[in-house]
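Alright, two takes on the same chain below, each alone as C-alpha cells: structure 1 and structure 2.
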Structure 1
C-alpha cells in the first residue's frame, strides 16, 4: 500500500515553501549547562587519588573491601561507610593487548589495559587501568604491579592521576 498525501490531514510542505520563506521557522540555540556529581563515595576516591592515595571502603556486615568505593555493599546490600586506605600495589586479574587506540586508529606499539586487584581489597575488587614498562609478551595473570603516579602538582583528582601500573 503506497502512502498518498491526499489521505492525510494537514498541509503538505515542499522544499520550495522553505526556500521561498513561506514557512515560519526559528533557529534556537539554547544555552545549556550541565553539572555532574560523582556522589559521596567516588568524590572521596577521586580526592584521595589527587593526594596520591587509593582508598576503598569496607562492609561492616560481610567484611568485603571494595575499590572503587560505593555506598552500598554489592554482596549483602548493607550501607558501607568504613573507609580504608589501600596500597598502590596489586595483581593483574585480566588484561588485553590492544593495537587500536581510543580513536579507532592503529597503534604500532600496543597498549595493555588490565584489571588490577588492589592489595588490601577483597578478591575480585579492582580497577581498570593501563600497564606499562613491560613487554606485552611478558604480561601474565597474577603478575604483581605497582602504581606509577603523576607528580603531585599535575594531579587533578582523576583516575589518570595514576599514569599506569608497572611490574614489581
Structure 2
C-alpha cells in the first residue's frame, strides 16, 4: 500500500450520504415493451405446445432433426420444412442446481434448469426447461425425463405450457 494513503486517506462514503442527497445521482426507469413476431417456425412450435405436443423439424440434407424448429438448417443452410412430431420425453444433457432467483435473491428451494434432448430429435438437439418433482441431489446427466403439461384449458401457446420435466 502506498505511503501516501496516510497523507491522503480519502473521504469515506456511507449509505446516509446517498440517502441525504449529498451524493447526486439521476434515476430513470425505462419503459421498454416488445411484441416479437413469432414467425413461421416458432408459431407452429408454440401452436403445437398449446396442443400438448412437441414438434421439431428435419433437414433433408444433413438429416438432423432439431427442436425448436427453424426455417433453415444452421449447419448446412438447407431450407427446412419437414415437420416431425417428437415425444415429450427426453434425456438430460446437462443441468445445474440454481440457488439464486431471476432477480439475484437467494432461493431456499433451488431451481433445476436443464437442457433436455428430446426423444426423436438428433443427438445434441434439445430444449431448455426446468426439472421438478425430483430431489436436486438425485438429478444426473443422462437421466430420463418426461414433460408435465398444464391442463389443456390453461395452455396459451408458450414454452410455459410445459410446467417442467420430471423423472420417468
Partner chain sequence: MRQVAIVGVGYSGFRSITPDLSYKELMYEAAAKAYEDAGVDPRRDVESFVSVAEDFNEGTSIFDEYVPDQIGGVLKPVHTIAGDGIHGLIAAYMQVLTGAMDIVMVEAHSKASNVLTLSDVVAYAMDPVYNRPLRANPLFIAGMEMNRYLYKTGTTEEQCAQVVVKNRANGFLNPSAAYGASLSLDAVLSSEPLSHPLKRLEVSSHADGAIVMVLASGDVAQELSALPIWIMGVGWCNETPSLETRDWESATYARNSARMAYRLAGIRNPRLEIDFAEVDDTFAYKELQHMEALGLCREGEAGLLVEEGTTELDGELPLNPSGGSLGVGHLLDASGLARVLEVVLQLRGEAGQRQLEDVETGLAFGWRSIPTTSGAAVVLSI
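Only the largest set of C-alpha atoms that superpose within 1.5 Å between the two forms is called the rigid core. Keep in mind that this is a model prediction, so the values were computed, not measured. Numbering follows the first chain given and starts at 1.
Discussion item. I want to make sure I have the labels right. Is the form predicted on its own structure 1, or is it structure 2?
Written reply: Pick structure 1 here.
Worksheet item: Can a Cα shift of no less than 2 Å be assigned to residue 151 between structure 1 and structure 2, given superposition on the rigid core?
Response: No, its C-alpha moves less than 2 Å.
Fill in: Core-superposed C-alpha of residue 137 shifting 2 Å or more between structure 1 and structure 2
False for residue 137: its C-alpha shift is below 2 Å.
Discussion item. Core superposed first: is there a CA shift of 2 Å or greater at residue 27 between structure 1 and structure 2?
Written reply: The answer is yes, as the C-alpha of residue 27 shifts between structure 1 and structure 2 by 2 Å or more after core alignment.
Worksheet item: Core superposed, what is the CA shift for residue 16 between structure 1 and structure 2, in angstrom?
Response: Displacement of the C-alpha, rigid core superposed: 27.7 Å.
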